[in-house]
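Next comes just one chain, in structure tokens: the form predicted on its own.
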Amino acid sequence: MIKDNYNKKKTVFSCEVFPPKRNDDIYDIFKTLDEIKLLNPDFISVTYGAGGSNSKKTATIAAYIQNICEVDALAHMTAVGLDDNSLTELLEELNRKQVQNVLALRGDKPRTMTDEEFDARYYKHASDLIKVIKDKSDMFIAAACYPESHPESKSKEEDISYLKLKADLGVDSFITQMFFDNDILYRFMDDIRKAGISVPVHAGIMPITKVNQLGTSVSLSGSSVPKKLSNLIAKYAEDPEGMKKAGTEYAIEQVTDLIKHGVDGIHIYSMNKSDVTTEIYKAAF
């Protein structure tokens, strides 16, 4: 289980992959995973489509990570689209596939879901999901946190209080939303430790290797963009190879500094790119 890693090393290393949209592309992600496993990551997480649209692929890929790659798999699970029966079925399926780790999330509203349907969802929050998973299983449970506060939070204090609720419910670790300024994480860590949250926190790092990637990422996460990074985007706007190199180097600088400051874990949002993930790992660890 993932929790065993915290006693073995100072900084836990992990990354995230996502299921392909097309069924016949699933072997591409298996190839990517075969390359990433050579880094001996402590775990690999696999995302879950909006409203559970990729739930079967998530379970299949998690099983491949767990049983073929022999790396701990962390299966994402979103509250949106789940009810008591479907959650039970999903937990049973993961258990059959020997996947014992989940990342419990609220999830965003799928495009196909109306506002009324979203408001009437069975599980309102990730904390609701966490309670039931705890009751129904012995799963290792991770949850998300936002160094710059959740976009829907009214204040930093409200956001931290909700994080404390998840920790008190028994969450085993947190993975942060992407951030591009390490000082933001260090202030966040000071704040949550003062609030009595002692759960390990993995710093989520998104390498910006394409110019248009930043706009999409920021619009979804609400992450701020430091001038140094925005300058890189402007400099390499017409140079894709230069942007990939500069974005990877920016991520390496972030990770190197985070390890120096003793973070619990580094979690790379790999975008299914094994080459970038490998370069960051070999340069920083």
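The shown structure was predicted, so the numbers you read here are calculated from the model rather than taken from an experiment. Residue numbers here begin at 1 and follow the sequence given.
FYI, the form predicted in complex with ligand FAD isn't displayed, but the following is about it.
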Ligand FAD in the model of the complex reached by all of H76, A144 and E152, non-hydrogen atom within 4.5 Å: yes
Interface segment, criterion being heavy atoms within 4.5 Å of ligand FAD in the model of the complex, picked from 205 to 213, 76 to 84, 190 to 198, 94 to 102: 76 to 84
Contact of A126 with ligand FAD in the model of the complex (heavy atom, 4.5 Å): yes
Contact flag, I175 vs ligand FAD in the model of the complex, heavy atom cut 4.5 Å: yes
Ligand FAD contact at R106 in the model of the complex, heavy atom, 4.5 Å: yes
Distance check, L165 to ligand FAD in the model of the complex, heavy atom within 4.5 Å: yes
Listed residue that, although ligand FAD is not shown, lies within 4.5 Å of it in the model of the complex (heavy atoms), from T60, T32, T47, T256: T47
Neighbours of ligand FAD in the model of the complex among 243 to 271 [non-hydrogen atom within 4.5 angstroms]: Y269
